[in-house]
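Only one chain is shown below, in structure tokens, and it's the form predicted alone.
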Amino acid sequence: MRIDLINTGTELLLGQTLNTHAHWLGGEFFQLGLRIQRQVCIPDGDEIRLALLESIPRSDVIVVTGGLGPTSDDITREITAELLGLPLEQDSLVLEHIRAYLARRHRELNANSYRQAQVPCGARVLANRFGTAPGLYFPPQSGVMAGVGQTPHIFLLPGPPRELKPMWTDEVLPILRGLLTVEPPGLRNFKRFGVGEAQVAETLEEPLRATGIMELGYCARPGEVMVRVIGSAAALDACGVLVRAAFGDRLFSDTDELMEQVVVRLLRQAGRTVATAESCTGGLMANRLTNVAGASEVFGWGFVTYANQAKERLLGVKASDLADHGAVSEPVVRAMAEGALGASGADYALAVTGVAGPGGGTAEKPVGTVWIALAVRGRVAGEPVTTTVLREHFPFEREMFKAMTSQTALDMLRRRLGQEQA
């Protein structure tokens, strides 16, 4: 089944709004065993005509997002009806929905409201619980366009995600499920820390393909490579055995979890807590951890000590260590981790300090140099704190440097937790 996705909106092409629809709808289609074959993004207005003329002869399903609003450049409904030769008629139920929706916001109907209530004959209205623009579904029709034996299934959906997503779930999915004739394949993403995708492919390409999977792909992200396999349940299980043997403890997820989700889950399972002390990452580790639901059970303290005075005052870093070794050094990162551990009462503390650049580097500490420390409280009363220190070099622009540093630090904790729970 060939699927085309057309996203409309001038703001998407001006860089003012991030187009999240392709990402989200791609995942939704795949859960049905379907794949988007082409996605195009076009401005508001008459460009929708050309996009539909290109897609209708080649597609089985077309999904259009946007262009259903009340303004003059919202003409997706009108152009689609024109191309399919369908007259527009006022729909009393849609108009009443718009009237009630506006009344709850102390607003009244206007000329544009009546325009939004126009529905092409033969189209099915898709209810919009969170806006005024109804979605529309056009079943296949024969003989309505020259050179097209039968038109595809066409869905017109509103652009705002808060309107589109509920409509997709409530209205579109039941229709699409009725079109399916085969059981969808499965997908599994295996995520490995700290290696390039070329090395992963060289090691696993042939063994994974020998399992009979339908598709194999790779995706490199800061500090990780994801191996994506699609196939039957038996083939995915066989892939899991191969990947786990090849990756060992560098495999941090086979369920599509993010690194921070894995860390929070392992901490919760162990009943342990972590604190963070950050200089060069500016709070990114704490941000990532607190993006995970349930993080409050395992994370209570985060220190952003960008200035040397903050390192001294909040974490107890010695002025002499800063003077003798500099802020980016093993003694300082060790003191930061141990200071955070002591101040917070946590079981683990992660600390990072580095040269993010583009300036500030030296021959001894070039831009990209980072020190990472993990301090671990003893499990038995009186047992001393143990601290592991790691030096890395990430010569990237600032955001990538921060992402790589936080990923490496979180993986350091993940592997320690895994060893303790093994």
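Basically, rigid core = biggest C-alpha set you can superpose within 1.5 Å across the two forms. This one's a predicted model, so the numbers in the text were calculated from it and none came from an experiment. The first residue of the sequence shown is number 1, and the count goes up from there.
Keep in mind that the form predicted in complex with a further copy of the same chain is not shown, yet the notes after this line are about it.
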The one residue among Thr305, Thr80, Thr151, Asn128 placing a heavy atom within 4.5 Å of a further copy of the same chain in the model of the complex is Thr305
Does a further copy of the same chain get within 4.5 angstroms of any non-hydrogen atom of Arg414 in the model of the complex?
no
Any of the heavy atoms of Gly282 lying within 4.5 Å of a further copy of the same chain in the model of the complex?
yes
I'd like to know if Val40 sits close to a further copy of the same chain in the model of the complex, meaning any non-hydrogen atom pair within 4.5 angstroms.
yes
Can Thr211 be called a contact residue for a further copy of the same chain in the model of the complex at 4.5 Å between heavy atoms?
no
4.5 Å heavy atom contact with a further copy of the same chain in the model of the complex for all of Glu11, Asn19 and Thr71
yes
Within 4.5 Å of a further copy of the same chain in the model of the complex by heavy atoms, the stretch out of 90-98, 285-293, 172-180, 316-324 is 285-293
Only counting heavy atoms and a 4.5 Å limit, does any residue of 329-344 reach a further copy of the same chain in the model of the complex, and if so which ones?
Ala343
Using a rigid core superposition, assess whether Gln31 undergoes a CA shift of 2 Å or more between the shown form and the other one.
yes
Core superposed first: is there a CA shift of 2 Å or greater at Lys165 between the shown form and the other one?
yes
Taking the shown form as reference, the Cα pair Asn291 and Pro166 shifts by 3 Å or more in the model of the complex and sits closer
What changes in the model of the complex is the Cα distance between Leu284 and Arg162, by 3 Å or more; the two atoms are closer
